[in-house]
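Okay, here we've got a single chain as structure tokens, the form predicted alone, with questions on binding and movement later.
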């Protein structure tokens, strides 16, 4: 019972943190105008959940809930940006979880970069199939990758700092 309560508490804290960052992030301008682009800082709680040993399922719940709550708070719920963000967030959470759980070849930075890559790729796939209905949107991919790599580096740095500063015991849920 204590372990379950602890797991629910970790999930709630990470979801609240990610949702708040998602909301604040909606006010941050991008240096280059890429329609629908977001920085991706709200993914660092997902990265923290992955490297803390939270299960894949619970990490996906955090990704889902942060997108739902963040988009409601920022007024983007059910907009095209919501669907792109949801797909990207779930892809990021899943790819980071898989790369962490099934390989020992990637550090926190590598896991973060993998999450950024899959987030950007899935967002563009969703945009090309359902929103703009054109493969020409993939011309944005290099720009999105550039900012994704930068943000993934910052997210990994934040997570490394947290792991060094806080006695965060690993647990399985």
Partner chain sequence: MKFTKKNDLYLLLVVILLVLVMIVINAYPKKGINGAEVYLKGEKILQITKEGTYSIKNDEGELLMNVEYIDQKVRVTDSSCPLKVCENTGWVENPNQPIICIPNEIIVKPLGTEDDTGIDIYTW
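Numbering follows the first chain given and starts at 1. All values reported here derive from a predicted model rather than from experimental measurement.
This protein has a second form, the form predicted together with the partner chain, left out of what is shown; the following refers to that one.
- Contact annotation for residue 81: at least one heavy atom lies within 4.5 Å of the partner chain in the model of the complex.
- Remark: residue 9 does not count among the residues lining the partner chain in the model of the complex, judged by a heavy atom distance of 4.5 Å or less.
- Although the partner is absent here, residue 132 is a contact residue: one of its heavy atoms lies within 4.5 angstroms of the partner chain in the model of the complex.
- Contact check for residue 18: no non-hydrogen atom falls within 4.5 Å of the partner chain in the model of the complex.
- Although the partner chain is not shown here, in the model of the complex the stretch 83 to 118 places heavy atoms of 84, 100, 104, 105, 106, 107, 108, 109, 110, 111, 113, 114, 117 within 4.5 Å of it, in sequence order.
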